[in-house]
Each structure stands twice: as C-alpha cells, then as structure tokens.
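The same protein chain appears twice below, in two forms, each given on its own as structure tokens and labelled structure 1 and structure 2.
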Structure 1
Amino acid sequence: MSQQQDIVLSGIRSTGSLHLGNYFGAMRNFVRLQETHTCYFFIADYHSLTTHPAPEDLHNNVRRILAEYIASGIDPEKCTLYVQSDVPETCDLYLLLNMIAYVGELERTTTFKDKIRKQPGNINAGLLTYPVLMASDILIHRAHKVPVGKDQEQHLELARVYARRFNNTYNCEIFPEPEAFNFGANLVKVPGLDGTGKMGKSEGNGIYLTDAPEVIRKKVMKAVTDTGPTEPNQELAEPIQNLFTILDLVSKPETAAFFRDQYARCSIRYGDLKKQLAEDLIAYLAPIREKFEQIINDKEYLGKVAAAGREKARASAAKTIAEVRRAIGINRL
C-alpha cells in the first residue's frame, strides 16, 4: 500500500503537560508523518477520566494539550486534529468491540496490573476496558500506522486482535490490522531523571515541553547519578545511561561523544555533563515554549481548530460505523 493510502492515527491523554517522553516517543513522528500521510491526531480526554479529574482541570488540560500539539509542530491544516469526546462514533464502536473483547485478556495487560497496584482504591471498569476504547480510537478511522512509545505496545497488540476478531466474527474486511510505528527500528522509551524507569506524567521525573529555563536547570542538576566510574571503559550504570539517552536526543553528536569519552577515561564530571544537557534542552525546547505562549490564551483560535477537527473526524468515523453496523446486522427497520 502506498504511503498516501496508509492512514496514521495517534492520541495523547489530557492528564497534564507533555514531557520529553511524549515528544520523542510520539509527537516527533507525528510531525514527520503529517507531511506524507493522511493523519488523525487527537486528545484522549475520555481516557483521562479513569483517574476522575475535576471538570475544571479536565477542560484546561484539553486546551493545553491542543496548544502543545500545535506548538510542537502539528499543523491542523495538514492533519485532522480533534478531541476524542467530540466524536461519539468512537463510543459506539467501543460498545460493539466490548462484545468481542474477553475479560481474561484485558485482566492480563501489564498496564491494568500496574494500575491495580497504583490505585487500589479505584479499579474501575474503564481501566479494565481502556485498551478497548483505545482500539476504537484506532479502528474508527481504520488506521494502519500508530506512532506511539514503547509503553503502548501491548495495547496495539490488542487493537490488532480486535480488528482481526471483528473481521472474522462478522465475515468482513472492514478493519486493517494497525501497527505500532516509529521511524527508527524500535519503539522509543525516554527515561526519567530519577535513575530508573520511564519518564511519566505521574512519576514527577520529567522535563515538560513548556518548562521555563530555570526549572529545566534545576531538574537536570538534581538528576540521579552515581559516584562515578572507577575503572576505564566501565559499563554505564542505569541513571548515567539515562542521562546519555536524553543527551543523544537533544544534543549534538559530538557533545555526547565527548562525555562518553570522558566517562571511558574516568575523568567525567557529572556537573559539567548536566550543565551542558540543561542548556541543550533549553535551546531545543525554546521554539515550542514560545509558540505555546503565543496561542494558549487564544481561545477563539483553539476553538476553531477543535471545531474543524471535529467535523473532519466525524465524517471519517461515520463511514466506518455505518459499515460496522451493517456487518453486525444493526439495520434500520
């Protein structure tokens, strides 16, 4: 299938400001893909309800993510940029896919098991069926490529299962099997600054795209390190590897090579590495932050973008849902 025909879709939850993980795991690919593909990008506000945000916070977060999408280079003229809850057809499909999704397979997903550990007081059914809603987002536009970070891999697997199962159950070929996508060979996992694990919105270990320079400096200088290498060419411990991973993303190759060499010779000064990393991050993020400041309070503009996106997304979704209903046998009497 040619690139023109391949449909791309991805979403980001409205749970707070976007961080480097969101950008390098997902958005950087969105910006490239919008040049060559038919793209749908959206704000997953329904998905953020599993943690019961206050209505005011939810509203502000949706507006914020919309502005951050645009500030990061997503062009509403080149793609369909919309809010998930503006497209009720997604919920129709969610209900229908729930009938072919098995509780056992949902209970086995790592993200669900994680949530059970993290929020034992609020294990709602929305958490269990989170991957079904995500599959609905993808399948409602019959997407082929889904640019996401490593943490979404298992959800994508389930979306493939539901596409296949639906087609088999109803003897049709409505859904292509969507694939997790990254321009590099592997899906990306951006680490946090706290030594271990991935950068996350709830982990408090992130650099946000709109962080002020002094905030970035403070966060980077506080990043976890170790006592330093004790013998030449020693393997990098995880917290140090993490700093290099981020350096590789935002700094010049020579900069990363310089500090790697210093590490190998046991002459590295983590303070210097951090100072350089902070300055490179600040320079990298400056254009995003500037654009964000320009548009975040322009409610009229953001409202227009959302309305145009809603219209385009609903037109595409309506076609799919009509075919789905027909395949299932839900016809007008």
Structure 2
Amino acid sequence: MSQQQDIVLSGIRSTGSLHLGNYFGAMRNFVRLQETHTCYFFIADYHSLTTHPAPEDLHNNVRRILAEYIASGIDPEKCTLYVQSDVPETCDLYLLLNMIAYVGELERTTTFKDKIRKQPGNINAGLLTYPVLMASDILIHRAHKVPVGKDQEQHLELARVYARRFNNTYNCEIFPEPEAFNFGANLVKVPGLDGTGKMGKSEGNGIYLTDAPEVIRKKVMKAVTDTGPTEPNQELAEPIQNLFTILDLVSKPETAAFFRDQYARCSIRYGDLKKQLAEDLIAYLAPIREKFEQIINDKEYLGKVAAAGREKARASAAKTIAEVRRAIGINRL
C-alpha cells in the first residue's frame, strides 16, 4: 500500500487547552501528514467522560480544542476533523469489541492501574474499558498508522489484539492491525517548566498555545533553574537543559548558541535567558493565538467544520460497521 493511501488517525481528549508539548510532539507533524496521508483527527469527548466534567465545561472544551486544531494548521479541507460523539458507529463497534475483550487483560493495563490509584473513589467501567473505546476509534476507520506516546503504546497493542481476534473469530479480514507512527527525527518531547518531566495538561507546567504574552512572561520567569555553573563547560542540570530545549525550538539558532556559550563560560544570567525565551515564545505562538482569537467565537464557522467532519467520518464508519455486522451475523434477514 502506498504512503498516500495509508490512513492515519489521532485524537486528543477535550480536557483543556493544547500546550507547547502537544504542538511540537504532535500537531506540527499532523500538519505535514495531512499533505501526504488520509488523516482522521478527532476530539475525544467520550474519553473525557471518565472524569465526569460539567456539561457546560465539556461543550466549551470541545469548541476550544476544535478552534485550536485549526489555528495550529489542521486544514478541514485536507483531512477529516471531527468530534468523537458525532460518530455513533464508534459506540456500536465499542459494544461489539467489548464482547471479545477480556476483563483480565484490561485490568492489567498500566493506565488502568494508575487511574485507580489516583482516583480510588471513581473506578468506573469506562476506565476499565478505555482501551476498547480507543481501539474502536482506530478500527472504525481501519487506520494503519496511529501516532502515540509511550503511555499509549499498550493501548495500541490491544487495538492490534482486537483487530486480529475479531478477524480470527469471524473468519474475515475487515481490520488491519494498526501500527505506531514513528516520526523519527521529527518526534520532539517538550519538557515542562518545573524542572523535570514532560510538559503536560495535568502537571500545570506548560505554555499553552493561546496564552497571552503577559501570561507567558510570568510562567517563564518562574521556571525552575539552579545556582549556575561553577566551572567551564559544566554539564547542564535537567532544569537548565529543559530551558535550552525549548529555546532551540522557538528561537533563532544564534540566540541559543549565544546563551550556550555564556553557560560554558560561567557567565550566564538566567534572568536574561528567561526574558529572551519568553519573547521568542510570544513571537512564535503569535500566529496561532491570533488565528484562534479570530475563530473561537465564530460559532457558525466552527459548526460548519464540525458538520463537514461528521459527514465524512460517518461515511467511513458506516462502511466499516456494515461489514462488521455482516461478519457477526447481525441483520442478515
């Protein structure tokens, strides 16, 4: 199968704004992929229900993520951009895949174990069968490639298991076994501003794509640093390396080189580094923020985008679910 025919699918939960890590880790690559692949990008509002968001919050988050997708360069004319709950066929497949998913294998997933430890008062069935719904998202469009982070690799492997198990159980070849999409050199992990780990929604350590300039300045100036190098060419501590990683992404090469040289000479002033980084972040994100502000309150436009995405996504999903039902023996009368 040629690269142009490969189907790529990815979704993001509607639980908060997109941040710099989302952009460099995924969105920037999605913009490239939509030029060369058949792409389905969706907003996973059903997945967010495991934490019981307020209805108004859920609605506003979906609209915001949709606008941020577009502002980041996702073109609804070049891909299928849709809201998960607009495609009921996904739920049909979710139900049917649950019949061949086993409780033991779901209970062993790392993410389920993590969730029940973090929220012992809300161990709902949706958490347990989260990988089945994720598999349904992927298999409903018979995707070949799925960009996933390390924390989702186990879920993707289950999607492969369910595709294979369904095909074997019903003696058919409906589902391809999806593979992880490897961006290679284009895969960037953006660190947080708290000195450790990656930038994340739940960690509160990120720069959001639509942050106002004054917010970005405040966040960057609070970023964790150390007391400074004590000898020439000293190895960078993790918090400082994190700042340089972000600097390399958004600043001119000569800017990053200047501050690295200052560090090597033990003459760096972290305050100057942070001020420069903040201004470069503001400049880099300005086009995204401006586009977002243009469309976030244009309900008619966003509604049209969602409706067009729903139509395209349902056309694909309907073909899959019809074949699945025939294979199982449903509605053969």
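We call the rigid core whatever largest set of C-alpha positions still superposes within 1.5 Å between the two forms. Throughout, residue numbering runs from 1 along the sequence of structure 1. Since we're looking at a predicted model, the values are computed, not measured.
- Matching the description of the form predicted alone is structure 2; structure 1 comes from elsewhere.
- Arg64 shows a C-alpha shift below 2 Å between the two structures [criterion: core-superposed Cα displacement of 2 Å].
- Taking the rigid core as fixed, one finds a CA shift for Ala306 smaller than 2 Å between the two structures.
- Relative to the superposed core, Asn122 undergoes a Cα shift smaller than 2 Å between the two structures.
- Core superposition gives Asp280 a CA displacement of 2.8 Å between the two structures.
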